[in-house]
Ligand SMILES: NC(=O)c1ccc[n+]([C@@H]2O[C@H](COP(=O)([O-])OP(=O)(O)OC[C@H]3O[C@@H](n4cnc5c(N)ncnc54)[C@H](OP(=O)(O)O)[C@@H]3O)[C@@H](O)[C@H]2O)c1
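Shown here is one chain on its own, the form predicted on its own, set out as structure tokens.
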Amino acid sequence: MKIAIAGSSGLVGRSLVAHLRTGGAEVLRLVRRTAAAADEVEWDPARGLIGVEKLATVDALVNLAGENIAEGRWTKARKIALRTSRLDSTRLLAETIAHRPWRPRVWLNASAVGYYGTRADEILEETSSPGAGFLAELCRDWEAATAPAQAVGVRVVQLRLGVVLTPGGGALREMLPWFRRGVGGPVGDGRNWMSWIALEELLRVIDSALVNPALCGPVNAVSPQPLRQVEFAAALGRALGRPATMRTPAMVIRLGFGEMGEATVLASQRVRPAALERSGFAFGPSGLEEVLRAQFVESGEGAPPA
């Protein structure tokens, strides 16, 4: 396949480019500067510009573009940046597909389990109603922005991502220094649910979504084994051979990160990957602790203490 990727410089995007090329795909990367290599396509979502000529023969599109949700407090300016970085890029791609001679067979567009808001112990599937709050509204609008492409017959998959785990970045990299020092632990009362997916598993989900016509519309890209915060912390501690009982009070998160901390760190989202299960996707058999141990070895950090 020939696949165009927006957001190729991010945590998932970098690994996805390498993964797809290893599998024999031809990859074009959308870049927000003058294209400097044969595999680059210049675009500028803020100005509505995109090098559509180079995209004319693309079979699939993956859009991962968007500023980091968990980077800093959600000031008014930050909320605007989070929205525009997602909606401008998605709308430009959708309108280009709808009104220009370019029809990828499939478009995978990132979304997030933040779509559901915080829902205590409720089991959430793709058909569950959206939640309330800034993040839920952003995800809802983000997904809706793909509508013009769906209207012209493109199979659009909205990947509702859980917490993507890899020692190379994201939430896990932020946690590791604390847990290695033995001062990590659950957040709040530890009962809130965390829906996660290992980066390696996510790449396999993307592989499947690219070629499986049964996957269309919202797809929860999460492990079938969500964990409460206290269970997640215990598994990470065991994988590192360190204690993991130092709780961080919810008030500390609220004071330090405000609305962002409330909607991400303290949220409770017990999400089930129902669409993937129905499609026959084969999840890896490992639990979180085994996944983490394998990641630590793979990342070159060596096997953690027994």
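Here the structure is a predicted model, which is why all the values come from computation and not from measurement. Numbering starts at 1 and runs along the sequence shown.
From this point on, the text means the form predicted together with the ligand, which you will not see here.
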| Contact flag, residue 291 vs the ligand in the predicted bound form, heavy atom cut 4.5 Å | no
| task | Check whether residue 239 has any heavy atom within 4.5 Å of a heavy atom of the ligand in the predicted bound form, and answer yes or no. | result | no
| residue 275: heavy atom within 4.5 Å of the ligand in the predicted bound form? | no
| query | Is residue 59 close to the ligand in the predicted bound form, meaning a heavy atom pair under 4.5 Å apart or at it? | reply | no
| Contact assignment for the ligand in the predicted bound form, among 108, 93, 112, 222, heavy atom within 4.5 Å | 112
| field | Listed residue (55, 69, 27, 263) with a non-hydrogen atom within 4.5 angstroms of the ligand in the predicted bound form | value | 69
| Just one stretch in 84 to 92, 181 to 189, 122 to 130, 223 to 231 has heavy atoms within 4.5 Å of the ligand in the predicted bound form, so which one is it? | 84 to 92
| request: Taking only heavy atoms into account, state which residues of 161 to 175 are within 4.5 Å of the ligand in the predicted bound form, ordered by sequence. | output: 161, 162, 163, 164
